[in-house]
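In structure tokens, one chain follows: the form predicted alone.
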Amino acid sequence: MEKNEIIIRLAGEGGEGVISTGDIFTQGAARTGYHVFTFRTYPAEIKGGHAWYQVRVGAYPVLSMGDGVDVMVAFNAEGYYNHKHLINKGGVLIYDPDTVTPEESSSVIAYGIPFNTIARKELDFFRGKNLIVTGFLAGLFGLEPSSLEGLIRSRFARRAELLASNLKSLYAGYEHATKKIEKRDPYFLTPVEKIPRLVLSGNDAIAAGALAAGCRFFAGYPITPASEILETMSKELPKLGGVSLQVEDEIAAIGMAAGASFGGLKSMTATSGPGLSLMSEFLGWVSMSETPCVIVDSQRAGPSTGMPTKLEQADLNHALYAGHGDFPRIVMAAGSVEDAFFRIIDAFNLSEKYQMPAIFLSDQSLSHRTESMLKPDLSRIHVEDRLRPTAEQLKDYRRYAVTESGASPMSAPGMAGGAYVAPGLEHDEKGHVDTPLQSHIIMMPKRFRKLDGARKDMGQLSRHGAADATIGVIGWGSTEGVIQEAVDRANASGHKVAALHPKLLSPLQVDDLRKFMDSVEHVIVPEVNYSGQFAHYLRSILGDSVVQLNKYGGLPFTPGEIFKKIEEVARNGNQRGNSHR
């Protein structure tokens, strides 16, 4: 029986074409109409070191990287030995017999394909090895090479001298799969309805959402895994009359973004954990001066330089509490690539409406993950602009006027009557710093009051799973899909489980969380960090005990890992405390 959902992992040396092979195959599958979900991990070096890429392809929406591997493509011996134990029973191993000598196994279908020989001797074009592998995968699993040819033509549009050789490599791999081997595995991507979908990475979605929200200024300093946002904004912003700058460091980046916002432009910067550390002093000024500004933090494993190309959800505490003094901020996290597009718009809207910094959390997995999504209907997107003073208000302009919502009309430079000082010092309604003690008593509650409005604007949280659940799973950030898949699997197995996944982390939607936690007997909080930062955060606000499930090896959860924890809690209902792996 043919199986048209496949988990494919490619592993080998960085710079050997592992990532590009995965990317091209993924794009081709998506163009054919399939849903795709990818994960990649790679060394910090430009070239060399071990890299691998996983794509899950299915006729229906795929929510996670899945469990195990259906098809393993070993580019070298290291790739084989590091991943052979993950091949599912009845799975496929594809290898080059010149570099890999696999162990005999009756549970794995092996194809030994001389990729190096084909590239060197038959085509005299070793650089085309990755496309021979791509073509072979297409032929073996039913993708038409035409779905890949356009991608290759586009990729080599500026290197026309290499196009013919690369296309020849693609078709050589395809013909080897379709004419020179006997197919013995059950995996085949049967034709599905071709629905036009976008194929985006998380970083692509963040940049696209920011542009849709009206962002017209970006400043950033390159840092993995956020650099692609800078690259995309630099390419796209000028087309919209905006400005994108690569600056000397992260301090300059947030300073310029805040300055551009003061000047009237919706502004953003993007970084990773070390960069957010450098930006933390400026966060206080942004909040004190009530200047809208969005800061993207694509988290990676720390502390310090840590593992810069590996996943960790360990900047939550930093996003919630970084900076000196006591000041409000918006903190949001997206659950998927599509969600990143819409939630970054929410981050801009809240930042603009309530005039405070909005920290948007992504991570290495989400930033570099590729997913397919329907093209968003931009006409249905609500874009919030900051409150401007009326002509009457400009007669005696009070930039920091105390209002019921906490938000005050914000003028732009050059607006007649709208001049004001935006100090880091405590100030009164006009921005004057003469009476800091009295002003502090008035301005602190004014600034914090804005969080109440932000919480209401986000609406109610959506529950996933059983209405009469006894076990609840609460997650945040990029774990949304894998949690939902584990919950669905648990319910299909007879358990009663539901999940809640807040996107707004500051302020927390306490009433919805309280209602959910009161409706179940046990709560599991999976997160990709060692200490359980979100679990501690929930305990500090809601006071409830939760069961932690923490993973900190640089890789995302699999649905099986969360499902296993659900079963464990179902068996031991009174279990509490940590469950470190």
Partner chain sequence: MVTSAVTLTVKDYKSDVKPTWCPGCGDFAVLSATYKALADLQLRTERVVIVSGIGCSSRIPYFLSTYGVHSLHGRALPMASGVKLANPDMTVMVMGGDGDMFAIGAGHMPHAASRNLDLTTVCMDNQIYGLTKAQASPTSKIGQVTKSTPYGVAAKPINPLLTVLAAGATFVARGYSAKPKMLAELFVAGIKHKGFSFIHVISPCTEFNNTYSFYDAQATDLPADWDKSDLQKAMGLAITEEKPHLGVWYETERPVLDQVLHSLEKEIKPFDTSAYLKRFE
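Numbering follows the first chain given and starts at 1. All values reported here derive from a predicted model rather than from experimental measurement.
The form predicted together with the partner chain exists for this protein as well; it is not shown, and the discussion that follows is about that form.
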key: Answer option from 458, 181, 245, 442, heavy atom within 4.5 Å of the partner chain in the predicted complex   = 245
remark   = Checking 431, 114, 453, 145 against the partner chain in the predicted complex, the residue with a non-hydrogen atom inside 4.5 angstroms turns out to be 431
query = in the predicted complex, does each residue in the set 85, 471 and 541 place a non-hydrogen atom within 4.5 angstroms of the partner chain?
reply = no
ask   = Just one of 471-479, 76-84, 231-239, 123-131 has heavy atoms within 4.5 Å of the partner chain in the predicted complex; which?
value = 231-239
query = Applying a 4.5 Å heavy atom distance criterion, does residue 411 contact the partner chain in the predicted complex?
reply = yes
key: the partner chain contact in the predicted complex: residue 421, any heavy atom under 4.5 Å   = yes
message = Since only the chain is shown here, I'm wondering whether residue 160 would be in contact with the partner chain in the predicted complex (any heavy atom pair within 4.5 Å).
response = no
inquiry  = Since only the chain is shown here, I'm wondering whether residue 263 would be in contact with the partner chain in the predicted complex (any heavy atom pair within 4.5 Å).
reply    = yes
In the predicted complex, residues of 60-87 near the partner chain [heavy atom within 4.5 Å] = none
